[in-house]
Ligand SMILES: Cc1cc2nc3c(=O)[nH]c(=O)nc-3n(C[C@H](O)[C@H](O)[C@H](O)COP(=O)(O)O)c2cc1C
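Take a look at this single chain in structure tokens; it is the form predicted on its own.
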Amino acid sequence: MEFTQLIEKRRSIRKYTSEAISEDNIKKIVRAGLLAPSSRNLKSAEFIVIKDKEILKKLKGVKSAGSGFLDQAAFAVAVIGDSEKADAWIEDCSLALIYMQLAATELGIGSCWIQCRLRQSSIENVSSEQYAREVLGFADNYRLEAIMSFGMPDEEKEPCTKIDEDKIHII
């Protein structure tokens, strides 16, 4: 698949079948995240791969809305950044997330980015990051950018080919 076709085909998929994802494909997706560029090559992004259905069910509450489908995913990856290692941890994590999402698309696997940084959990006055830290147990110097869900698509979306030329400014 050509790159333009790949980015047009990538869509947020929130409905998954019960079909398992092979360990080989999970490794390919995570490897893509590891290959993403990072600021000053500090590689501040790290990945928590979640396959345990009970943990996925708990993580449904990581946001007040927009994460309720996590327990239907075959697996998810929480992408955390070491804020002591790099001031650009947000960018490092974001690049890793999109690389994993594009790798999944190429493999025919659906995915959805669940933004967690600066979001609230389903529990009042508990941030998404605090909630995820409690469930996943990552250290305080790590910050949560997002959780990406993955699974075999149980919905089909047309490729996104419409672009808004008004967003381009040439000076």
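One rule holds for the numbers: they count along the sequence shown, beginning at 1. This structure is a prediction, so every number in the text was calculated from the model and none was measured.
This protein has a second form, the form predicted together with the named molecule, left out of what is shown; the following refers to that one.
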(message) Within 4.5 Å, heavy atoms only: does Gln115 come near the named molecule in the predicted bound form?
(response) yes
(request) Report yes if any heavy atom of Ser22 sits within 4.5 Å of a heavy atom of the named molecule in the predicted bound form; otherwise report no. (result) no
(message) Although the partner isn't part of this model, could you tell me whether Lys28 comes within 4.5 Å of the named molecule in the predicted bound form, counting any heavy atom of the residue?
(response) no
(message) Taking any heavy atom pair closer than or equal to 4.5 Å as contact, tell me whether Lys43 reaches the named molecule in the predicted bound form.
(response) no
(request) Please determine, with the chain shown alone, which of 134-142, 58-66, 102-110, 120-128 has non-hydrogen atoms within 4.5 Å of the named molecule in the predicted bound form. (result) 58-66
(request) Residue by residue through 1-38, tell me which have a non-hydrogen atom within 4.5 angstroms of the named molecule in the predicted bound form. (result) Arg10, Arg11, Ser12, Arg14
